[in-house]
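The chain below stands alone, shown as structure tokens; this is the form predicted alone.
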Amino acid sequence: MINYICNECDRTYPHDTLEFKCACGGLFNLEPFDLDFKKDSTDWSIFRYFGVLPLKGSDEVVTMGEGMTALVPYDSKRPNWLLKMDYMMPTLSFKDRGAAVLVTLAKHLGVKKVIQDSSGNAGTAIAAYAARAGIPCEIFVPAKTSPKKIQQIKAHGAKVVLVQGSREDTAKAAYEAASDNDAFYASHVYNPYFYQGTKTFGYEVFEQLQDEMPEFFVLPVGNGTLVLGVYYALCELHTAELIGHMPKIIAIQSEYCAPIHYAFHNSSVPYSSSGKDTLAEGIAIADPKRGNQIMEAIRKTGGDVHLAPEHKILEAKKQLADRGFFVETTTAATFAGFFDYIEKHPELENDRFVLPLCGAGLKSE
């Protein structure tokens, strides 16, 4: 297993610490580690890429066959718009990628309890994989979270704590509980092992497309778990000269909650704002803790941050359904933003894009 390093003061912490951030207030990254790009072609989960994951030394992985999702053209007229079917996962969202790696770490450490906060999908993923690993689990979610997501979390035997207030209030309640109970805080925001799981999205696209890597990845951004994961994968592949160019990341935020967009275009740091209620609950993060890292990743790819018009989210959901894709509303927001981006940049319409279907429609009301 790989140790942590503070992204502010460079202090190191052992991988078995229950601390989830540095004493200086900085967040953890992982120390550099050697990568083995040889894949295990007999493994049909994300652990096919075990050699690029920070799990060397673990006795066993916690898996339910997550990953290896198909790339499907948007429609016959747009074969260059490729949709990665990440809602075809054990818990119906891409968060299973990160949960499998993070719960593998928790199992390796022999933790007695995990605590996590979520707007829904990450909580479901951690609850499911914790159940698989036999670890008791407590998930904090905003009280206004979709009842279907709450029901799904409970189905895995996790205790659900409903928190009145914002997504940030929920996070605060969770990490206070983790600190008080000496539990493992399985945070998809604070713990960098989670991002190592989501980076397998990029490795799969590379395996599927090889020399035809896209010009663009269009990704939702709230806390940045997919943006950072894909960025790490692209950097590793590009440094190893396995891909010839660095695809650009276009990050999408709801116009009603867009701190990354505001900071990217107007300021050097994200601002905290409750904003208006948005249909895209999965990315309604007013105070993204890794905001600077997210913006740095986007800039280093030559990418951009674009807004999803709120009034076009349900329209985008219908357009996807008309083509056979039943997605949750947050995923539809990504496409609402993408369609608006293409309208403003028609010269890019024939470029190759990869977009994720992050969550299944059964999760939304």
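Model, not experiment: these values are computed from the prediction. All residue numbers are counted from 1 along the displayed sequence.
We do not show the form predicted together with a small molecule, though everything after this point is about it.
For the options I139, V221, L102, A125, the one in contact with the small molecule in the predicted bound form, meaning a heavy atom within 4.5 Å, is V221. I283 is the sole member of I283, A233, M89, A171 with a non-hydrogen atom within 4.5 Å of the small molecule in the predicted bound form. For a residue to qualify, one of its non-hydrogen atoms must sit within 4.5 Å of the small molecule in the predicted bound form; none of I46, D96 and T200 qualifies. Here the chain stands alone, but in the predicted bound form its contact with the small molecule, taken as any heavy atom within 4.5 Å, falls in 114 to 122 among 233 to 241, 204 to 212, 73 to 81, 114 to 122. Contact between L226 and the small molecule in the predicted bound form is found at the 4.5 Å heavy atom cutoff. In the predicted bound form, at least one heavy atom of E328 sits within 4.5 Å of a heavy atom of the small molecule.
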